[in-house]
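In the form predicted alone, a lone chain appears below as structure tokens.
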């Protein structure tokens, strides 16, 4: 049976006393080993949710909140957010703004230095993270001389070196070209295969449908739906009502199902679509 790793219980948050409530009575559980995609229109509260999960909000940046966030069985209300970095690593949208060191190697090692890791262990972790993120040949380069995709892979490597059990990526592909975006999704899928729990915020619905196991739909600070991805992406009416589109293949299949008897579950990936539409063609 899967073990809960992140739990939110009736969690609400606002940045200041006079500002609107950004998250409203959020309740859900993420189990260890899940790959959860978080989707929603702009200003749905996705980034605020990610920062709340890791305790940046409210325990570092302040604000008003109610309810609680539980990470690995410990309430952040009791720990005041301490210990979260032992469990969770987060990569933000603008990777370059997170860098402080003159070389890629030093950047990967930086957090481990702060935590007092043994030097040999640090070297081993740097090699491991750089290899897994395909930036080993860039260790001597400046982080600021890398491409956008390379910078994002470096940001992931910095997290991976700490060996967290959970990796959160908040809009980490939004500024990348298609090739850079695809590389990040391949890397994140690889982390999931390694046993990491992954939480990924992204507007690329096709990629989320292809990679995630579960999908959480957020709108105006509320959880609209949180379920297995096929159930979420088969609910066209609910998603459209909250300004979220379906994967193109799912949208086409749902429209065709009105005229033809469907052949199994609605497809949400290209691989599933080939089988689905092939069956429709043979049965036409």
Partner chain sequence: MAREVIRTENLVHVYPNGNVRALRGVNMTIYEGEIVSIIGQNGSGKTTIVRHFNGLLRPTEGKVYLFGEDTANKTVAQMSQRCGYVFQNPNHQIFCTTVREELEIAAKYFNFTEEETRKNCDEVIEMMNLKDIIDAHPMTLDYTTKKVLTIASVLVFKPEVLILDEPTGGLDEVGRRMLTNVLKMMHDNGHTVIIISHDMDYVAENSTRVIMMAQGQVQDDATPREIFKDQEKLKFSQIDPPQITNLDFYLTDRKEDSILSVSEFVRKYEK
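Positions refer to the first chain, counted from 1. Here the structure is a predicted model, which is why all the values come from computation and not from measurement.
This protein has a second form, the form predicted together with its partner chain, left out of what is shown; the following refers to that one.
K.L.:
Go through 72, 86, 106, 171 and name the one with a heavy atom inside 4.5 Å of its partner chain in the predicted bound form.
P.N.:
The residue from 72, 86, 106, 171 that makes the contact is 171.
K.L.:
Here the chain is shown alone; which of 192, 214, 165, 203 has a heavy atom within 4.5 Å of its partner chain in the predicted bound form?
P.N.:
Only one option qualifies, and that one is 203.
K.L.:
Since only the chain is shown here, I'm wondering whether residue 225 would be in contact with its partner chain in the predicted bound form (any heavy atom pair within 4.5 Å).
P.N.:
Result no; residue 225 lies far from its partner chain in the predicted bound form.
K.L.:
Consider residue 141 of the chain shown here, and say whether it contacts its partner chain in the predicted bound form, taking contact as heavy atoms within 4.5 Å.
P.N.:
Yes - in the predicted bound form, heavy atoms of residue 141 and its partner chain come within 4.5 Å of each other.
K.L.:
Is the gap between residue 77 and its partner chain in the predicted bound form 4.5 Å or less for some heavy atom pair?
P.N.:
Judged by the heavy-atom cut-off of 4.5 Å, residue 77 is well away from its partner chain in the predicted bound form.
K.L.:
Can you tell me whether residue 179 touches its partner chain? I mean in the predicted bound form, with a 4.5 angstroms heavy atom cut-off.
P.N.:
Taking the distances in the predicted bound form, the answer for residue 179 is yes, it comes within 4.5 Å of its partner chain.
K.L.:
Where, among 53 to 61, 227 to 235, 22 to 30, 37 to 45, do residues come within 4.5 Å of its partner chain in the predicted bound form by heavy atom distance?
P.N.:
Result for this chain: 37 to 45.
K.L.:
Counting only non-hydrogen atoms and a 4.5 Å cut-off, give the residues of 140 to 156 close to its partner chain in the predicted bound form.
P.N.:
If the 4.5 Å heavy-atom criterion is applied to its partner chain in the predicted bound form, 140 to 156 yields 141, 145, 147, 148, 149, 150, 153.
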